[in-house]
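Just one chain is shown here, as structure tokens, and it is the form predicted on its own.
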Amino acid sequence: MLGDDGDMTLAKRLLAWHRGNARQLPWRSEPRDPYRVLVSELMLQQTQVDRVLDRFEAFVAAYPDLATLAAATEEEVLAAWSGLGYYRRARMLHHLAREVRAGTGALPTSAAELAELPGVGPYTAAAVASLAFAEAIPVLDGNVLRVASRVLAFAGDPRTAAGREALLRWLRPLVEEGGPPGLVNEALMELGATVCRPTSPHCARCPLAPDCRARALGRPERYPPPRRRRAELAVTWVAACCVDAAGRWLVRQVTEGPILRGLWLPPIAALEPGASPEEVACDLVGGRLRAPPQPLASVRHSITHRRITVQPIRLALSSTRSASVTGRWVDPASPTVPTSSLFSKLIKVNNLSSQDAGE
């Protein structure tokens, strides 16, 4: 049990700090809407808050509830998600909406039941259950694990099962008895995001500083130990960039592979050793050309652990009908189909090349 001092004092300080310092974010409006909490938590996975702010309000305006989302097509949902990356999250959210709509029509209220839904892992389930339904369950995101590791000066790896359990022994009573569980969890996450940062933490501004063993040792940044990085995979692609007289681009939907599936991009293929990028681009499109293929400046793109070098080849087709590839001609300023930031990079190098050529 938490007493009037010790951990209870810590919890009171934490919540007082949160009341005065929490960022005003659109998904934090009271009372908490479980659907908005769910959408925000999925959007925030591996994505910076600033990027989510640009998309969240537009997404929930288009799809204000699970029923509206379930009635949409996957392509429409991906288009609304465009710009956030990690599109598997959007597909899973869409699948979840249809599954819930086919059942009770409402989100379950417990973390255990939420975790059974498509795309909802233990972290998201705990966040929604805690923030929207006041379930007293700790939320173990990277920010919370970092805060707990530093308060305890925990030298182990908090990402292992044993490490997480060690931190939970401190977190559980804090969340269960320290105040409204959703607010305690949110305060811990906010503290990790804005004060107890991975590097250069603002210890002087931290409400937990008097209790922080890592700070007392003078080495807060040593906790937790660095994550072992996944080996990077270098990949080279060729992109066939076809632009008509009206400035429209030829794009096709990616239907295979582990990344970018469902998005619309200029025809792209891996460049095999010894192959000519120009020949690959021509094979991708298959139409007659009115000018030789023109290589553009290469583009760098990263997806998870993949480091991708894209070689764009501009192809001047004799007509829009000459291309044999199945696709669409879209306005790059408003493509109306779900796409990727890679498309923006290709548009930029094409425009720069056109300016240099005086076109």
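Since we're looking at a predicted model, the values are computed, not measured. Residue numbers run from 1 along the displayed sequence.
Heads up, the form predicted together with the DNA isn't pictured, but that's what we're talking about next.
Indicate whether the DNA has at least one heavy atom within 4.5 Å of a heavy atom of Pro122 in the predicted bound form.
Pro122 belongs to the contact set for the DNA.
Would Ala62 show up as a contact with the DNA in the predicted bound form if we use heavy atoms at 4.5 Å?
Close contact is absent here: in the predicted bound form, Ala62 is far from the DNA, nothing within 4.5 Å, heavy atoms only.
With the cut-off set at 4.5 Å between non-hydrogen atoms, does Met92 touch the DNA in the predicted bound form?
Met92: contacts the DNA in the predicted bound form.
Considering only heavy atoms, tell me if Arg306 and the DNA come within 4.5 Å of each other in the predicted bound form.
Judged by the heavy-atom cut-off of 4.5 Å, Arg306 is in contact with the DNA in the predicted bound form.
For the three residues Ala67, Leu107 and Phe133, verify that every one has a non-hydrogen atom within 4.5 Å of the DNA in the predicted bound form; reply yes or no.
None of them does, since no heavy atom lies within 4.5 Å of the partner.
Taking 4.5 angstroms as the heavy atom distance cut-off, pick the stretch from 203-211, 68-76, 254-262, 98-106 that is near the DNA in the predicted bound form.
That would be stretch 254-262.
With the DNA left out of view, which of Ser341, Asn21, Asn351, Thr336 would have a heavy atom within 4.5 Å of it in the predicted bound form?
It is Ser341 that has a heavy atom within 4.5 Å of the partner.
By the heavy atom within 4.5 Å rule, which residue out of Gly247, Pro180, Gly286, Pro118 makes contact with the DNA in the predicted bound form?
Among Gly247, Pro180, Gly286, Pro118, a heavy atom within 4.5 Å of the DNA in the predicted bound form occurs only for Pro118.
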